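One chain follows as C-alpha cells, the form predicted on its own.
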C-alpha cells in the first residue's frame, strides 16, 4: 500500500513537471500573440513584413522588419559556414578515427567552448577578431557582421560536433563491419555508411545549431552594431532581431507604447522562424526514415 501511494505521488509530480513546461510555453506564446496583435492593429502586417526601413524610435517611424531579418540571417549564415563543416568533420574524426583515450580528452575540452559566457565571446569578437580581420580587409568597419558571425560559429561548434558524434556512435557496429567486409575503406565507411545512417541525429544537431545562432543575443549586440540596414555586405554595421530587443528592453521606451510593442512583434517573428526550423528538422527525419526503412 505504501509503495502504491508513493508511485501515485511520483506519477503526479512527473505530470506537474510536464504540465509546467507546456503551460510556460503556452504562456509565452499568449503574451507574444496578444502584444503582437495590438501592434498589428496600428501597423499593417504587409508593411511590417515587407518594409525595408526599420526606424520605430525615430520622429518619423518606419516599421519594416526586413533589415532586422536580413541582419539575423547574414550573421547566422556566416556562423553556419564556420560551424557546420568543422563540427561534422570533428564528429567524424571523434567517432571513427580517434582512439578512445584521445576522445575522452578532446570531447570534454571541445565542449568547454559551450560553457564560455556569450558576453566574453562578444568582446572577443569586438576586441580581437575584428582588428585581426581589418588587417586583411581594411574596408571593414569596427562593427560588422563577419566578426560576430565567425565567433558565433566557434561558439556553437561544440553543439554540432557533440550531438553529431553521439548520433554516429549510436550507429550499430554491424553496419561498419559489413562495409569493411565488402572492401570499403575507413573513410568510405564513415562518409557513405555511418553518416547516412546517423542522418536524423546530424540533421537535428544542425537545426538546433541554426536555432541557437538565430536566437543569439550578446555577441551581435556587442560586436555587430545597432544600425538596421538591408544589406548582404558582412563588412558594415547592422542590427539583428535579438539585438533590437535588447536595445528597447534597456528601459528607455515607455511600456504600452507602439514602440515598446515592436519587441513583441519581432519576438513573435523570431519564434515563428525557429518553429519552422524545428518543423523542417522533423520533416527531414521522417523522410529519411521512410527512405531507409
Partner chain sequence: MSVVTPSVASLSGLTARPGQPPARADAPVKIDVDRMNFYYGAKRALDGISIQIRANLVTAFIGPSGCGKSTFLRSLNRMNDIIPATRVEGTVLIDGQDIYAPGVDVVELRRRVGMVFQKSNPFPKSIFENVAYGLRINDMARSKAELADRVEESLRQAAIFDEVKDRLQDSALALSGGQQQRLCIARALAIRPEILLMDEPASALDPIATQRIEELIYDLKKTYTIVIVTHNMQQAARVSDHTAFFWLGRLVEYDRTDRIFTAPAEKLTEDYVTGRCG
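Positions refer to the first chain, counted from 1. What you are looking at is a predicted structure, and each value in this text was computed from that prediction instead of being measured.
Another form, the form predicted together with the partner chain, is not on view; read the next lines as being about it.
Can residue 173 be called a contact residue for the partner chain in the predicted bound form at 4.5 Å between heavy atoms?
Within the cut-off, so yes.
Though only this chain appears here, would residue 140 touch the partner chain in the predicted bound form if you measure heavy atom gaps against 4.5 Å?
Answer no; every heavy atom of residue 140 is more than 4.5 Å from the partner chain in the predicted bound form.
Evaluate residue 183 for contact with the partner chain in the predicted bound form, applying a 4.5 angstroms cut-off between non-hydrogen atoms, and reply yes or no.
Residue 183: contacts the partner chain in the predicted bound form.
Please determine whether residue 178 contacts the partner chain in the predicted bound form, using a 4.5 Å cut-off between heavy atoms.
Contact with the partner chain, yes.
Can we say 28, 31 and 36 each have a non-hydrogen atom within 4.5 Å of the partner chain in the predicted bound form?
Contact check failed for every one of 28, 31 and 36.
Out of 104 to 112, 188 to 196, 154 to 162, 74 to 82, where are the residues with a heavy atom within 4.5 Å of the partner chain in the predicted bound form?
Looking at the partner contacts, the answer comes out as 188 to 196.
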